[in-house]
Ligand SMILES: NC(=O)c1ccc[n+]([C@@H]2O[C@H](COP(=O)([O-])OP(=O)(O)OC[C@H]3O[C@@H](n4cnc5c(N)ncnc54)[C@H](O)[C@@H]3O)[C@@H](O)[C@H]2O)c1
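Coming up is one lone chain in structure tokens, specifically the form predicted on its own.
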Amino acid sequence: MNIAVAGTGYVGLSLAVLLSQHNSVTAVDVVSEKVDLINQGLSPIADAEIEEYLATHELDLRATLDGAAAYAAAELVVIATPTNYDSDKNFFDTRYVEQVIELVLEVNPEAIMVVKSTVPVGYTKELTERYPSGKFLFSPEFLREGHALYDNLHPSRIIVGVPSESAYAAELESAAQEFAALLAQGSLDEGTPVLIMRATEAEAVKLFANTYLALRVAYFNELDTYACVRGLDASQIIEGVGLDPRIGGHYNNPSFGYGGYCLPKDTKQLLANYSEVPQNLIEAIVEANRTRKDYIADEVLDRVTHLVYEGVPQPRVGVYRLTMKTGSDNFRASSIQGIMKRIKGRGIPVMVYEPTLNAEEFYGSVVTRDLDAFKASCDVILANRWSEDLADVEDKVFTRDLFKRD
């Protein structure tokens, strides 16, 4: 099958690689550097499996800046462009999805379009009303940053949603089964559960799944806060709790808060969907993440205060990596930025060590790519996730990464 994939972030590029094992795939992006790297067999994002597959596997994959040509030649267009939810305005920005849709309808109106971007509940139904000639499916992704292709190769489930309101519903039911089969064909596992459902329910699955993961992060962070305040060993408590098979040992490592591409916007967007529905828990998850960041910032400020008492005139706080997690190159909504903002608001000077950032400043803070200079210049070093890079200055490091893993 000729397939075009719009967007080469974690979702789009991992899908392009997965599908290009057995299909002819053209990946479309607006950034020429990313297109050039893909065509050279190099990954523009940090993902070990994507890097390996591009370098060593036979893939029928090319990248291009020419979306019109790619979509015109495609039987199937997978849309994996970025979206973002603004909780202050209660506005979900889906303009890049719609730009692709409008171009596809212009050059190839018969193409099936599969939306993989995160969207509001009811969005696919709205698409069928706004673009009645369009043939849309929605398929939620369940990928981890830095392990996106691995999660596509070993999917927990494959879900494809069909808008029952569409004039092409019968055709789309068949197309949904075919797309699910393409995903299963590219994976390394057999017997992956496949669910074909209405698009609106599929959209809700995505938001509720991510909100549950955010709940687990927030829960174990609050357990850790309790242990810190009461002088208890949080790691022992978490180990004992996690050995209950009904709870398990996943998503239980404390952090500065949940962040990244999906959890912050999905929890807030789901909360907005509850505007006329009784709830307490969803709002509490969002608030718990703010409270955790407040607590962590206060703990760091206490350390700075003690240093002043000990004779350090103006202690400097270092931020070790802006990324959300180990193995990722994503800065978006990373929790450490929330801590950084709170500390800077109290007038504390901050230095950032981020080797992937080609800038001299980050929101007014000095950026360095010299690790030794960073460690020497900072009196307190914040690390959302532990790294052996910091072993020689462990006494300076503030982290809640109890198990030294994501």
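Quick caveat: nothing in here was measured; it's all calculated off a predicted structure. From 1 onward, residues are counted along the sequence shown.
Another form exists, predicted together with the named molecule; not displayed. Remarks below refer to it.
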{"property": "Answer option from 262, 218, 127, 113, heavy atom within 4.5 Å of the named molecule in the predicted complex", "result": "262"}
{"property": "The unique member of 289, 152, 335, 81 whose heavy atoms fall within 4.5 Å of the named molecule in the predicted complex", "result": "81"}
{"property": "Partner proximity in the predicted complex: residue 96 to the named molecule, non-hydrogen atom cutoff 4.5 Å", "result": "yes"}
{"property": "The named molecule contact at residue 376 in the predicted complex, heavy atom, 4.5 Å", "result": "no"}
{"property": "Partner contact for residue 321 in the predicted complex: the named molecule, 4.5 angstroms, heavy atom", "result": "no"}
{"property": "Proximity of residue 141 to the named molecule in the predicted complex, heavy atoms at 4.5 Å", "result": "yes"}
{"property": "Option from 31-39, 55-63, 342-350, 358-366 whose residues, in the predicted complex, bring a heavy atom within 4.5 Å of the named molecule", "result": "31-39"}
{"property": "Those residues of 1-16 which, in the predicted complex, come within 4.5 Å of the named molecule by heavy atom", "result": "6, 7, 8, 9, 10, 11, 12"}
